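Take a look at this single chain, the form predicted on its own, given in structure tokens.
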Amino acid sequence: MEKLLEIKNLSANYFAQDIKIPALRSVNIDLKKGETIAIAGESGCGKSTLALAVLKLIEFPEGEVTGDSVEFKIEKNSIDLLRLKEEEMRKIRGKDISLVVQDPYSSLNPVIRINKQLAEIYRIHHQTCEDIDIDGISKKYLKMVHLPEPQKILFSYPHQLSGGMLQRVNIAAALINNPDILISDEPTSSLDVTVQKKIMDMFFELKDNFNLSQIFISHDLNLISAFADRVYIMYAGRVVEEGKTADIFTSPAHPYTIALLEALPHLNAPGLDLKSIPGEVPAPESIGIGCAFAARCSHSRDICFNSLPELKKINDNHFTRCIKR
């Protein structure tokens, strides 16, 4: 499959009280057409920052994004998103690359009806649409995400809908311009378990029925194991392991990945004590030149604190950043 998105050495920093806080450190990720990749790791590892950085939603003075390139293949051309001006980037966001955010309550205007908000998203990328039935198009996408009574929801205000309904509206809004890439940032984390199941069933349907490329950001490894084609494990702003989902879950190579999987509850062994990862995630500004996980790793040696390992090849589709490999 051809690469649709290729991220090379992407870094991002936030600024707070004259302190530079590195959130991404030379991240390399690629996404193929029709593929679903997952970005996994603990809170604070840089998952959400990655989504914002790709869409150039981190700006000075709050932060900065640097890197070699973010190559996006659109039609037959390849463009570097990092080099685009804001006016050009606005033509990409919401049309070619869409984002579903974590909190469904904060992403919609509470005093504007759903149909008006969906129409605005559509009109931004379709300047000549006076004769188009935008409400009809919006209703089609509300049906696509399995919302009951789409006609009623279309003319509702966000505060009249549940969290699960709002998240489906957000997904419909992200899909309404037929993007090539859908980025979903923890799309089920604020919902209860039964609603999570319905939302994920819908994502599976999108994966099966549409040739949609997806970046699925989550800390839920169980969801990732069932949904993603490939997985990138992040820790302290870096990718520490990447590979096909089956390799990551059956033959994890990095001590951090192994620790994450060991911390999962085992449904077939009730009463088994859960394992935890010792220590805490280091503050981004305090990370030294070596492996950021070294202080929490039972396999670390002196060299781990003083030298950053490169990604090492385990097989053609599996890589890890660990000195012991």
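Keep in mind that what you see is a predicted model, and the values were worked out from it rather than measured. One-based numbering along the sequence shown.
What follows is about the form predicted together with a small molecule, which we do not show.
Engineer: In terms of non-hydrogen atoms within 4.5 angstroms, which of the given stretches 292 to 300, 252 to 260, 64 to 72, 48 to 56 touches the small molecule in the predicted bound form?
Structural biologist: So the stretch in question is 48 to 56.
Engineer: Heavy atom to heavy atom, is residue 42 within 4.5 Å of the small molecule in the predicted bound form?
Structural biologist: Close contact exists here: in the predicted bound form, residue 42 approaches the small molecule to within 4.5 Å, heavy atoms only.
Engineer: Going by a heavy atom distance of 4.5 Å, is residue 311 a contact of the small molecule in the predicted bound form?
Structural biologist: So residue 311 does not count as contacting the small molecule.
Engineer: Quick one: is residue 23 in contact with the small molecule in the predicted bound form, heavy atoms, 4.5 Å cut-off?
Structural biologist: Residue 23: yes, in contact with the small molecule in the predicted bound form.
Engineer: Please run the contact check for residue 14 against the small molecule in the predicted bound form: heavy atoms, 4.5 angstroms, yes or no?
Structural biologist: Judged by the heavy-atom cut-off of 4.5 Å, residue 14 is in contact with the small molecule in the predicted bound form.
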